[in-house]
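Shown here is one chain on its own, the form predicted alone, set out as structure tokens.
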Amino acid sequence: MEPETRALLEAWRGRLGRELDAAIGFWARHSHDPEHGGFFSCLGRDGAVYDDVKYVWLQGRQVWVYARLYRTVPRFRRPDLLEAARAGGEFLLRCARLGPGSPKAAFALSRDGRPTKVQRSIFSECFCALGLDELGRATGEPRYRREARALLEAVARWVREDPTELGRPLLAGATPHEPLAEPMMLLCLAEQLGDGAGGPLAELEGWCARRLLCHLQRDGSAVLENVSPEGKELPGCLGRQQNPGHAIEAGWFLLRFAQRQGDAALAAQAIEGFMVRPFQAGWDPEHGGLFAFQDADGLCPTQLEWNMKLWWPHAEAMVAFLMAYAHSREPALLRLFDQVAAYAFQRFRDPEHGEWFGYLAQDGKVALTIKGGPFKGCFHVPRALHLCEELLDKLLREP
């Protein structure tokens, strides 16, 4: 390894480790609910709770973060972190489902766990499964992983066979379509719950990978957020919609799958088609940062927040490009990691109170000072910092 490269990796290793400590410290100080269990996610800049609604997908995400760090990172092997994860997991088991025997989970709960909102999507259930499986691995208690597997089976059935349990009406004029997030999230879950290549979830992983590749359209030049059930481009705004963050996140999921399969061609496709091209197209040449949404034909996107810079695409891009560099040793990929990490640390990081701001205007100024809400919780930032720290540790152990 060149001395300049090692110096860059060592510098980021130190910064990422300190930032992960600060992020976990923020959530540990401010988000725990000792009375009812689970976590508050609606936190202001300084961690003050401004709403006690509990969002189920954010509960599952925080359980995953705490349990994964406890299980894999020696400095986080703290009893208080595991007990908080367990309290979150028990809160989900007690309150997340809409009724006995129903696999459908609420989207939002009152502080004491009563359902207040339901969404016709799979993501509450997905992140419950993600968190509970990791909690089972950290505690060694099989009941958490059994519950996670039952949720995965329900989600897979809804996506691949019959979505009626989601409560989506089949409207005569609606365009049938597959969002990128569905096979992407199922691939993430299959990796989490599986036991490596060739395991019992290998068929599901393969199906997810094939469906993700259907979103790589226009001769590999564009990742489209929505495609037809047959894997074709759709007309109108729905078909032209692009989400650079989702494309890049799907890219590193696909890369990990390709590595498990030993598929060099798929790995190259994941890096070039899902990471590099969406990043190059999605990067704002004037102000820096990734746009939230784009239109594949260069038309004005219909999403009101299309030109904002959100925390999570930048966190996902950090993981993606460092993982891609570790896989290929291509210096250009390390430069992309450095580019996006430098922007994220300069613009999103809050050195005074810890954690990251989530929402910037196009020019990079903070638009919302909240640290958490219905969509931002203890997940993307600590997951990215943890995974990057893990990758850097492996790279720096090499001669």
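Remember, predicted model here, so these are calculated numbers, not experimental data. Heads up: residue numbers just count along the shown sequence, starting at 1.
There is another form of the same protein, the form predicted in complex with a further copy of the same chain; it is not shown, and what comes next is about it.
This chain is drawn without a further copy of the same chain; in the model of the complex, the residue among N307, T139, Q269, Q217 with a heavy atom within 4.5 Å of it is N307. Proximity to a further copy of the same chain in the model of the complex, defined as a heavy atom within 4.5 Å, holds among T72, T116, S221, S228 only for T116. Contact annotation: C300 falls within 4.5 Å of a further copy of the same chain in the model of the complex, judged by heavy atom distances. Mapping the unseen interface onto this chain, C237 counts among the residues with a heavy atom inside 4.5 Å of a further copy of the same chain in the model of the complex. Under a 4.5 angstroms non-hydrogen atom cutoff, a further copy of the same chain in the model of the complex lacks A28 among its neighbouring residues.
a further copy of the same chain in the model of the complex is approached by T369, whose closest heavy atom lies within 4.5 angstroms of it. Judged against a further copy of the same chain in the model of the complex with a 4.5 angstroms heavy atom cut-off, the residues D51, R120 and Y359 are in contact without exception.
The candidate stretches are 131-139, 173-181, 248-256, 208-216, and the one lying within 4.5 Å of a further copy of the same chain in the model of the complex by heavy atoms is 173-181.
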